[in-house]
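One protein chain, two forms: both are listed below as structure tokens, the first as structure 1 and the second as structure 2.
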Structure 1
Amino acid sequence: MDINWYPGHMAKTKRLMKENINLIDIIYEVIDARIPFSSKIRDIDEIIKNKPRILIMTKIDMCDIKETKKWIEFYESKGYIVIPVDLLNGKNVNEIIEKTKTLMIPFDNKRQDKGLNKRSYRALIVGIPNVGKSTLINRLVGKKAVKVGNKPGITKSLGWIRINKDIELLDSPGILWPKLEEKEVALNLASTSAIKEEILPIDEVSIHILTKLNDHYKSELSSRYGLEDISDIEEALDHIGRKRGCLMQGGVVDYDKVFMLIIRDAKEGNIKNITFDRFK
């Protein structure tokens, strides 16, 4: 599978990041706890190089915490500092600020040795579209700092935001990598609306979501859709269509409406406690 969905503003964002990286002291790399592998930007290290980094895992309240913990342990084994956050309730957000101060101690000491005054830290926040960066920034600031959107690429350019007296944040639009070559990754991204719905066939995306529920979350499949399994996918879609009122004239099931309903359920968090990326 080879999907080329790389809007011009994403290429521009990466160029601007590279041009401004020398101004940056620390990186906040944001990933989605439901897709902790699929949401990690593949070529990000080429941009941020050896800057100190905090891997912030958003939407922890929406994931299968048991499965996601395996990914947290994996990233920590690779040397990452991982902070899982619940953006709905603000849980662990302050830990980002505290960990930043700890990581910046060598930076402060180096400036002091050079006879330079202490200054605020400059952080760059990066992540794929719809990963919750804007909501995270609002939590860090304590008020609405930027427009929060649920559409990929709502933020179009870089912009500085003051978090507090110690931290200045360079915000960036959601970015991806130029080619989505792995079908599983592409479907996971589409299932969480990190790429636009029209990039992949909506029937494939919605059936991918149902398959994940069928394979790993039977109770969620039952409670949300009243299904025990999807061995007969047409019958399963008909059941959802009738149950949720996705009907055309004459009581015929409107499959497109069913597909969009399933995608919307995943997008808006109506399907909870699921992790699409399975740790192997």
Structure 2
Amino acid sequence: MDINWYPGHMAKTKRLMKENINLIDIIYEVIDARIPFSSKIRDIDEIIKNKPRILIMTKIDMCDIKETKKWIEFYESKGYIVIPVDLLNGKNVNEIIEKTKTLMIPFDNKRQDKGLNKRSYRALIVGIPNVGKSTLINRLVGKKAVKVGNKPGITKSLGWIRINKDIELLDSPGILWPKLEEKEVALNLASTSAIKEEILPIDEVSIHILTKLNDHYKSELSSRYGLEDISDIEEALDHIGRKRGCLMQGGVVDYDKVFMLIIRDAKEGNIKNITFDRFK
């Protein structure tokens, strides 16, 4: 499976990022706690090289923390610094600032050895669509956003915002697209709104969501949809349609409405505490 979407845009963003990466001192790579594998950009290292980086896992309030912890430990075992955050409540956001200071000590030392003054660190937020990049910018910057003026050597079109005396943030995040070669990844992304549902058939996406509930979150399947299992999928969809009023004239179940309802439930967090990527 290879769904090619926005390829032109993607290539342009990648090129821009590669061209400007030398202006950046630290990368905040954002992934979604419900899809810690599917939302991670595969070829990001090729772009950001070995810059200091923090892996920020958003939407921790929506995930199945027991399952997501396995992914946190996995990434930590690979040498990543992982900070799980709930951006709606601003939980753990300060830790990003604290960790940045620690990570950048070698950078300061290097400058000092060269006889250069200490300067602000320049950070870039990178991630796929809808992971929470803009929300993170707002959280980091707060109300007292101050635009940093253009500096020599820095592309004019880039805007910098000061987070505090130590850190400046590029005001527009780097948006990269995930690779959709694996069907499971594409379905996970569609289930959590990282890719538009139009890209995949809504029946497949909604049945994917129901299957995850059936396989791992039986109590959610039962409390939300009144189902014990989905072994007979048609019957299950009929049941949801009748229970939730997705009917056409004459009381016939409108399957498209059922599919959209399930997708909306997953996106809006009505189905709680679920992690789609399973750690094998």
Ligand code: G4P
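Predicted model only: the values in this text are computed from it and were never measured. Numbers follow structure 1, counted from its first residue as 1. We call the rigid core the largest set of C-alpha positions that still match within 1.5 Å between the two forms.
- As for origin, structure 2 is the form predicted in complex with this ligand and structure 1 is not.
- In the core-superposed comparison between structure 1 and structure 2, the C-alpha atom of D113 has shifted by at least 2 angstroms.
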